[in-house]
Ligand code: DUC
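Have a look below at one chain only, the form predicted on its own, in C-alpha cells format.
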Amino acid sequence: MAEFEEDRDMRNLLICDGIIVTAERSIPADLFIENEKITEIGPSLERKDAYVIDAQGKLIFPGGIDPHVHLDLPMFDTISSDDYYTGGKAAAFGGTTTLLDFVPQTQQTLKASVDVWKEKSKSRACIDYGLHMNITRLDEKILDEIPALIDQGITTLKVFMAYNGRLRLQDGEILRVMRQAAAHGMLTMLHAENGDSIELLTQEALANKNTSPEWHALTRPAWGAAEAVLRGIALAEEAAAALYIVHLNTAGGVEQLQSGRGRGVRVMGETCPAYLYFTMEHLRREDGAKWVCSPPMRSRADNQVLWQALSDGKIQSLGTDHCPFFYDGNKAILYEGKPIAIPGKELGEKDFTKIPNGLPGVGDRLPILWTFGVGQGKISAQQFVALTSTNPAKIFGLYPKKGALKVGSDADIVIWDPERTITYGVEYAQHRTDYNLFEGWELVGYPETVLLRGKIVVHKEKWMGKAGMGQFVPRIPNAEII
C-alpha cells in the first residue's frame, strides 16, 4: 500500500506477503479481515472485493497492549498531560492499540468512581481500553462491592504499600482485598515500596535542605522496594491469591519474584522501559526532574538484571506506567496546531517532593524494545510480541480477543518495517508533552501501518484515528497465570 485511499470501502481488507510474528512462531502468511475481525489466515489468499495492503518485507504483529497507563490523572497541583485522545494517539503511533488505565477511588462507591471514569473516557478514547480499580480506602461496604466490578468489566484491583495518608492500605487491609479478589477470580496488582521508610527519609532530607531531584531516589531506597515485594508475595500466599507486581525496578525485587514463584505463589511481574536504560545518575543532571517517577531509577546493575529477567522469562510483561507531565509547563507547545501548556515538573524546582511523579512512554515502548531488545539479541521477536501484547492479554483477561493473530480475534494489527531507521524523540513519540526520554536515539525498526479492529489509524506519518472510535473492552475473571 503506497498511499492510503481514504475514499475506499475498508470493511474487507487483505494483508498479503508479510511475515506473521506471534508469541509462538513466525510464518509467511496472508490475513483477511472482515467486520473488524480476522476471518482467515493462510498462504496466497485472494479476495476480489478486498482492499489490499502489500506487506512484503514487513512483519505483522498483534497490536500492543499496555497494561499500565495513567491518563488525565490529577497529581499535586496539575494533571497528567495526556488524556484518552492524546495518549491513545501516541500509543497508536508506537504500535499499541489497547490501554489499561486505573480508576481513582474518588467517589463514595466503587461503581460511582468507575462511572465517572467511563463517562470521561468514552468520548475521547481513540483506541480500545480497559480499566483497573484502585482500592485506596477500605471498609466493609467497599469490600462487599468489589465482586460487582466484574459486571462492569473490571477484574483487577490495585493496592499500594506507599503514599502514606493518600493511597496506602495497611497490610491487613491488603490481605482482605486479596482474599476477596481470590474468591472471585480477580487479580490484585501491587505497588511495592516501603511507605514508612519513605516518609521518614523524606522528612530527614527536607530537614537537611536536600531538595534536588536525586533525593527523590535516595529517599526511596531499593531495599525498601525489594522488602515490599517480599511482603506482598507473603500476603498473596496467605490469601491464596494471584498477584501482579507493577513496575519492578530492582534486582532484589526480581529475586523475590522468583522465590515466590518457586514456592508456587501465583505471582507475576512487570517492568517498564525506563528501568532498562536509566539510572539515578540521570536525576543528578541539570534536567533531572525529567526522570522523576515512583519507584525511581536505580543502578546499572539493576538495569542488567531486569534485561536478563525479560530474556529468561522471569518477568512476564512490559508496561510503561505512562504518566507524562511537561518539563516546563510555563512554555506552550503546539499540539495538532494549537498551543497548550500544562503545569509540570517545574512545580518542584525547589522541592523534589513537589515534582509530579511520572514519565511519558506509551509511544516509546515497542520501538525502543525492538531496537535494543530484538536488535541487540537480548530477546527474540516472539518474546517481543509476548511481552508487549500476548502476555498482557492473557494476564488481564483479554485473550484471544486481543493480543493474538487468530481467526476470530479483533483485527488489531501492526505492520512493522524492520529496516526503517529513524532518529527518535518528541517528533515521533506524539505524547502531549515537551520532552522525550529517548531524544536523539537511533532506532532501527518502526511501525508503518497500525490497524484498530480493522480500521487504519496510523499509516506512515499520517494519523487516521479520531476521538470516540476507541471502545471500552470488558475483561473476564479467572484469567491465565503466565
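Given the structure is predicted, the values throughout are model-derived calculations rather than measurements. In case it trips you up, residue 1 is the first one in the sequence shown, and so on.
From this point on, the text means the form predicted together with ligand DUC, which you will not see here.
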Even though ligand DUC is not shown here, does Asp101 get within 4.5 Å of it in the predicted complex, heavy atoms only? no
Please determine whether Val385 contacts ligand DUC in the predicted complex, using a 4.5 Å cut-off between heavy atoms. no
I'd like to know whether Arg168 contacts ligand DUC in the predicted complex, with contact meaning heavy atoms within 4.5 angstroms. no
Heavy atom of Lys402 within 4.5 Å of ligand DUC in the predicted complex: no
In this chain shown alone, the residue from Cys323, Met178, Cys126, Ile233 with a heavy atom within 4.5 Å of ligand DUC in the predicted complex is Cys323
Contact with ligand DUC in the predicted complex, heavy atom within 4.5 Å, among Val407, Leu143, Met75, Leu200 goes to Met75
Quick check: do Tyr163, His247 and Asn357 each get a heavy atom within 4.5 Å of ligand DUC in the predicted complex? yes
When ligand DUC is placed as it is in the predicted complex, which of 390-398, 257-265, 290-298, 144-152 ends up with heavy atoms within 4.5 Å of it? 290-298
Interface residues of 191-206 toward ligand DUC, as seen in the predicted complex [heavy atoms, 4.5 Å]: His191
